[in-house]
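Below you'll find only one chain, the form predicted alone, shown as structure tokens.
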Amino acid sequence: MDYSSLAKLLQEKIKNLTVHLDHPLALYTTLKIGGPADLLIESKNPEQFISIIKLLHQQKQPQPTILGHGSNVLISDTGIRGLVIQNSGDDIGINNSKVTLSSGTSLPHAIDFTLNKNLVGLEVFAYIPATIGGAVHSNIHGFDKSNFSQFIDSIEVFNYHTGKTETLKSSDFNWSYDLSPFQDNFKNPATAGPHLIITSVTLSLKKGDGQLAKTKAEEIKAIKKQTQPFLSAGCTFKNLPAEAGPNQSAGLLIDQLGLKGHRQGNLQISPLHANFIVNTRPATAGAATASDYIKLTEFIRQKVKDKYNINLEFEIKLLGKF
């Protein structure tokens, strides 16, 4: 595929668009690891984002990989083949207690904005460096273990199969812990799946005391700052289901094995939280690798399997070839 010609076409058709050929993706993730994309497209606002995906569809290009803030992903050392769109740009509208946000909207900004309007609920997701699209796609869980899906009213998507924009009601799907209709392992691929690209989301929040909720958000941030390092991909493994009993926390299982501080190359099981793997040399190009990350997770999984007969599942998303 001639990516240089495609890059030129995109820049001709869409004003002020930034594109990169064979571009490293590490800096577009919180972990600071990742090889190149064949073509990286930076979308700075919702209008650009929608124009990009529509033009790519019209040109019969393969569906692009969408990156938000890269806070829950591990990108392969060989990168991502094909097209990658880095989706950003805040856009928020309010109608009573309904809030519509573009998928590239920063979650921290959305929390601040809604609390300033005395719309409460999102404060439980404080300190999570995600976009709204990423929060929906991963169905993230908050400090109180509530899932993001409980606040979702509807979702606007671009269907990459049909080339049409659709509005989906959240209530039409069975969401679960860290699972959404936009993941490839969702059980009803005929009505949902990764071919649906999230463009905007409408949340249903409650009127309340915004200042009190801000205080709660600051308390959550203070607690998380003590235990959750930023130079990571977030929690590596999913916690266990409630029926697993008192040892539901993946971090606790790993901690009980004395694995905090264990290293693989320039990656380390965080001394602060055993379910976080941190990059100890983020400023040095190529210093930490996805290969070492996988080796470290395999080591952890085997130790947990040997001790507890439990198979830990990834919470992070793997992008590229592993």
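None of these values were measured; they are calculated from a predicted model. Each residue number is its position in the shown sequence, starting from 1.
One more form of this protein exists, namely the form predicted together with a small molecule; it is left out here, but the text below deals with it.
- With respect to the small molecule in the predicted complex, the three residues 66, 87 and 133 uniformly fall within 4.5 angstroms at the level of their nearest heavy atom.
- Picking from 66-74, 262-270, 290-298, 35-43 the stretch near the small molecule in the predicted complex, with a 4.5 Å limit on heavy atoms, gives 66-74.
- For the residues 217, 128, 119, 152, the 4.5 Å heavy atom test against the small molecule in the predicted complex is passed only by 128.
- With the partner omitted from this view, the residue of 198, 213, 205, 83 that lies near the small molecule in the predicted complex is 198 [heavy atom within 4.5 Å].
- Under a 4.5 angstroms non-hydrogen atom cutoff, the small molecule in the predicted complex has residue 229 among its neighbouring residues.
- In the predicted complex, the small molecule sits beyond 4.5 Å of every heavy atom of residue 110.
- Taking the partner from the other structure, the small molecule in the predicted complex has a heavy atom within 4.5 Å of a heavy atom of residue 140.
- Taking non-hydrogen atoms only, residue 6 never approaches the small molecule to within 4.5 angstroms in the predicted complex.
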